Every structure is written in structure tokens, then in C-alpha cells.
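Okay, so here's just one chain, in C-alpha cells, the form predicted alone.
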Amino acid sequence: MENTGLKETNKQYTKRGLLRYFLKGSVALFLFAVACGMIMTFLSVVIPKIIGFTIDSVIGDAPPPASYSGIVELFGGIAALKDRIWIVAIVIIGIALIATVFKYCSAYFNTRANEILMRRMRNTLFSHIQRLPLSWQTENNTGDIIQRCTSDADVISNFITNQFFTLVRVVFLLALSLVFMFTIDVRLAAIASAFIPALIGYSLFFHVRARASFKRCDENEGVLWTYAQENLTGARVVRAFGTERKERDKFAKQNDYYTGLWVRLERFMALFWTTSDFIAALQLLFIVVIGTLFCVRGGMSAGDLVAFVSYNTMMLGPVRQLGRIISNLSKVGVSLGRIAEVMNAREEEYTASGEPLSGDIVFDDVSFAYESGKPVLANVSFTVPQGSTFGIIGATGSGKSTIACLIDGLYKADSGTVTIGGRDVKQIPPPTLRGNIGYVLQEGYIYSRTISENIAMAKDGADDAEVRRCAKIACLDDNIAGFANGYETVVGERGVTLSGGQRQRVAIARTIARETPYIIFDDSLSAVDSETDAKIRANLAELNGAATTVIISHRISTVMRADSIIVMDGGKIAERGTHAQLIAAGGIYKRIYDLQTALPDEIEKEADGDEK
């Protein structure tokens, strides 16, 4: 089987399987929290029974039930309890205090389990996303990815920690309440029970209806996050073009639509809660009226009615919570599905970095398209001999940067092969491939840290001397000397406080620190003036004499000293050769050269003409 660079062990998760995976390490704590909650619930259910006994047998004259005789004798008999009724109050307070202790233990272990769950979810999602191919990253909006890893993760955590825990407690409380209610009066308990299926069935009806609405709300929240993220990261462009109002209107329009979705959903849920409140109130009315009739006719004691109403009230709240939990199941299902889409995306194989690579870079009849039917490269073939400098020039959209991405394994060729030292890059694990290739992008990402940290982050253990050496090679040292804090100057997000040329040189210095046998410069000197460009190339030539270097540029002066140059046009190689050969050929390269070198002369002639 061909090694595609992707894990063959990539596991496809169902919603249930994903939940089990996230719960590893926290299940025992959740179970302990549930056990404490069940004990607390049992103690709470016992209290109404004691109150009913007190009303009938301690305050009243009814003989105590046989099941109470042993406990009554412990306190000196019924006569003693009548004389010292405060004993009953102390017993009730004692039970309530014990229930409070178990409630604390339940909340503590539940919260601790939740933090473990959230830590596992966050670490798993972040680690998984780091291993996904660049193609997946570009196909999915950043705001939507963030929303799935934050809001959707919170929905799952909240359901397990609060709602699922409540569900277990509700079922246990419902069972206990019904048992005690049936022991008090079978007829009244049957009437009370008849309303339960109606409430649950009504909740299920709303649950099914609300599922699609919750999904639309989540999806549009992701769109809203994307607008915000793009605006914040592109703040300089927004300010430069004065499009603040346009961006604000675009965000407001999406925000209004998103708000409208939630308003309609909440209106729908408000109808559910209002009608379920009415059903619950109707049930309680029936119980009180019929129970009172039973008491008047002597079929039920006052204490039993008080206890029964207490149990019924205990039961009604949880049953209505059960409806809410069932309704929220739709939202949890949506969130689990959205996270499962991320987790089921196939990872690249991130094994330990292997041996150093060496040998020629060879493109053999390579074709590639980002979208089907729209080729970016078509039947491209060339060889970059080991230790040589290879130049690539061409118009925007001609496929230059795509070649760099294919060499670095960020994308896979649709047809043909890209090899390094005879090994197909598809068969080289990404850590090995990218550990041997220094890749300087045109827009090198600069982190909101110090300049020193931005350079040193490419190499573990890089000291200050190493950082300064790399900065000097990138012709950045003089600029840094002019900063108030020198190398400890903190740059803004994405290096906003640096000029375009300075950002590019920080990225170059960072790549130099890696000391890789292959270096790709993807138009990474475009914001640097010609004189600095020449100095950097001279420094690099002296430093990386043995390194295989690929230089991509729009500027002839940047690639003219390369050992070999190709000219890209429409995804194909239009010309190839040395600088002298391409000039002599009189083709595209020559026309670009004439335009770029003639420009200063034309400006000078225009200036002379103006003076005359």
C-alpha cells in the first residue's frame, strides 16, 4: 500500500465513541459524584416521610406504623417524642446536614471531573488540528474552527457536568418519589403518574423540532466568529482603506441574523416552558383537590397528604428538568457532531524526525489543482541539483508558490512525483521532510513576543549569540540596535510594529537558525530594498554554500545569480536556463529584465525633461 503521509490508523469517531474517548480519565470521578448525589437525594426524600409521621403520630393521635417502631423506641417511644418534639427537629436537621455534606462532595468531584474532561478535550483538539494537512486548514474558516473548539466543547462539558448529572439524579429522585407515593396512596399516585408521560412526550416533540434550529445557530455563530477574527487580524488593511463602516455593517448584518435565529428559537422554547408549566400546575391542582377529598372522607391522613404533596412537588421539578435536558440533547448532539467532523479529519503522520535528507530535488511531470478542473501546475518537470541555487520567476498566479508547497509536502501532487534524493515526498514523514527544509514565506508569521524569541523559536537551545548571528546574516542587526529594548523589543500581534521588510528579515533569521540542508525563499525579499536584498543573498551564499536553495521572486536581481532559473507562465515552464542564456533567448525573462532595469533610466529621462 502506498504511504500517503497520512496515518492509516486514523480513527473515525461516532458521537458516542467520541464522548467515551473524551471521558477517559474522568469517569471514576463522575461516578463518585453521581453516587454522592444519589445518597444526598435519598436523604432528601426521607425528610417528607418523617414530617408526615410527625404530623400524624407525634402531633396527632394516629398510632405509628409498624415500620417506624424500632426507630421510635430508640428515642424512648412515642410518648417521649410527644413530650420532646424537638428531637424530631434535630433528626431532620441532622439528616439535612449529612445531605449537605454529600451534596458538597458531589459538586466537588463533579467539578474536578469536568476540568479533567475539558483539559482532555482542549489538548486533544489542539493536538489533532496541529496534525491536519494544510488543505484542511485552508478549507475551513478559522472562526468556525475556534467556535467548535470553544463553544461546542463548552456545550458538551456543560451537558455532562450539569445536565447529565441532573438526569441521573432526576431519574433516581423520580423513582424514589413514586415508590413513596405508591406506599402512601395507590390511587393518588396513579393520578400523579399519569401526567408524567405527557410531560416527557411533550418534551420529546420539542426536542425533535428544535434540533435543526440549534444547528443553524451554531453554524452562524461560527460565521460571526470568522468575521470578527478576519477583521481583528486585518485591522491595518481595514484602517488603510477606510472600510471600518463596511466591516461594521457586515458584522452587524450577520449578528442581526444570528440574533434573530436565537430569538426565534427562544420564542419556540418559551412556548414549550409555558405549556409545560401549565400541565405541571394542572397536575398539582388535581393532586391537592383529590387528596383533600380523600382526607375529608377518611381515606387518607393529613400527614400522608402533606408527605404526598411534598413528594409530588419534588417530582414535578425534576420531570420538567427532564424535559429541558431532553431538549438540550439536540444541542449536545449538534456540538458532538461538529467536533466529530474535526476529529474525523485525517491527520498527517507525525512520527519522530528521521535521518537528514540529501540529494537532488526532482519534479517529474507534476500536475496539481487546488480545485477540480482548475489546474495550477501542468506537467512540470525540472531538477534542482544538491547544493545548487535554483531560481523561479513568473507572474502572479503562475504556480511559483505552489511548487514550494509541494516541495515542503504541504500539498500532494495530483499526478507525477516530487522527490528529494530519490524519495517521494509523499513517503517521507512530515517531521523528517520539514525538519530538513527551511521555508521562508512572503508573509512570515511573527508572533506577539520579543524579536529574540521570534528568531530563537526555530531552534531549541538557541542562545543570544546564535540569535544575533542569524540577525546579522539577515541584515537585521542594525535595525534592532535602533530599538529602545533591542532584541527584547516586544512586537505586536503578527509583527504589526515592524515594517514589511523587517518582518521578512525576522522570518529569514528564524529560518537560518534551523541550519537545514534545503532552504526555500518564497518571494520573501519582496519588501526589502535592492541593496539589502543583495547583501542578504551574499551572506546566505557564504553561509549556505552546501545548502540546496530555491529562490522564488518577482525581482530579476534576486534570482539572476542562481545556477539555474525557470520562468513559470500559466502553470507551465515557459523558459529555463541561466541568467545569460535566458537574456540571450529574448523571451519572457528578457522582457521582465528590460522592464525592471529600464525603469530607473526612464525616470531619469522624465526628470531631465521636466528640468528643460
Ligand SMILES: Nc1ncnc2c1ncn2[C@@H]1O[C@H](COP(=O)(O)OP(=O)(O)O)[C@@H](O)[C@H]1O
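Sequential numbering from 1, following the sequence displayed. In this text, all values refer to a predicted model and were calculated from it rather than measured experimentally.
We do not show the form predicted together with the named molecule, though everything after this point is about it.
Trainee: Would you mind picking out the stretch of 193-201, 156-164, 218-226, 400-408 that comes within 4.5 angstroms of the named molecule in the predicted bound form, counting non-hydrogen atoms?
Mentor: One stretch meets the cut-off, namely 400-408.
Trainee: If we define contact as a non-hydrogen atom of the residue within 4.5 angstroms of the partner, is residue 372 a contact of the named molecule in the predicted bound form?
Mentor: Outside the cut-off, so no.
Trainee: Taking heavy atoms and a 4.5 Å cut-off, does residue 302 contact the named molecule in the predicted bound form?
Mentor: Residue 302: no, not in contact with the named molecule in the predicted bound form.
Trainee: Verify the contact flag for residue 123: yes if a non-hydrogen atom of it lies within 4.5 Å of a non-hydrogen atom of the named molecule in the predicted bound form, no if not.
Mentor: Although the named molecule is absent here, residue 123 would stay clear of it in the predicted bound form, with no heavy atoms inside 4.5 Å.
Trainee: Heavy atom to heavy atom, is residue 142 within 4.5 Å of the named molecule in the predicted bound form?
Mentor: Output for residue 142 is no: heavy atoms all beyond 4.5 Å of the named molecule.
Trainee: Among 541, 175, 395, 284, which has any heavy atom within 4.5 Å of the named molecule in the predicted bound form?
Mentor: Exactly one residue meets the criterion: 395.
Trainee: Would you kindly say which of 376, 118, 306, 99 lies with a heavy atom within 4.5 Å of the named molecule in the predicted bound form?
Mentor: The residue from 376, 118, 306, 99 that makes the contact is 376.
Trainee: Could you list the residues in 121-150 that come within 4.5 Å of the named molecule in the predicted bound form, counting only heavy atoms and keeping sequence order?
Mentor: Contacting residue: only 138.
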